[in-house]
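First, one chain by itself in structure tokens, the form predicted alone.
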Amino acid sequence: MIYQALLTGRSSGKKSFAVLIDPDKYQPELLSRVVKLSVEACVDFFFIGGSLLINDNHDRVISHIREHCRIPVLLFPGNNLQLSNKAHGILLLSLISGRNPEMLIGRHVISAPYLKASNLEILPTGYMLIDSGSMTTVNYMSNTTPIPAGKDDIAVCTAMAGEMLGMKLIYMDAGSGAQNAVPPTMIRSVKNAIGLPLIIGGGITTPSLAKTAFDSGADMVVVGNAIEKDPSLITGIAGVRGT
């Protein structure tokens, strides 16, 4: 099971690296290159999702990945249209940093019958949007206010509440197009306050920033936009995973 592997990794100190793919932005040539580099770098997961759905690439992208490698594919849906039984599992995101009821439970109710009948491994995830210094896509689309980057205490209490509510993962995200990554002090504070695997994404554009997140306590780092622009980053970021 994917979740059991994440728990084992957290307890042993093993770090994970996920490549986030937005199907709207990937053409076949780029996808093939990213998959090839990911296999060579032993990437741990592919996350599939975006804020919009403007073409029919979603299932095709997942099928291509599964045909060419054994890296687990997890849905990272921006809305309840981005579901597919072709993936291995889904991060069932509840936006616990916001106060938009649709992002907390509303869309989950609509998706529940489909997910119940699917073969997907469902990973309830407390999703926390962190201010990155600029308006991000997820900030705009979710109609929520991110946690201020300097308010470690709010992030800690939010993550603790997510754990107490039964979330299995905590995902702190600076968002797509972030100007700044999640601050190291915030990562460290949240890591020390919870017993769940901690995922960090958004604004990670270099191996150095990925290493900072890992060293601060991230169990998994997720990179998307930067890899779309420069797929060779996969090799560099994978290289700092265990250092």
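Numbers for residues come from their place in the sequence shown, where the first is 1. Please read these numbers as outputs of a predicted model, since none were measured by experiment.
Absent from the display: the form predicted in complex with a small molecule. The rest refers to it.
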Contact segment among 58-66, 37-45, 170-178, 188-196, judged by heavy atoms lying within 4.5 Å of the small molecule in the predicted bound form
170-178
Does any part of residue 224 reach within 4.5 Å of the small molecule in the predicted bound form? Heavy atoms only, please.
yes
Hey, in the predicted bound form, is residue 20 touching the small molecule, heavy atoms inside 4.5 Å?
yes
For residue 183, is any heavy atom within 4.5 Å of the small molecule in the predicted bound form, or not?
no
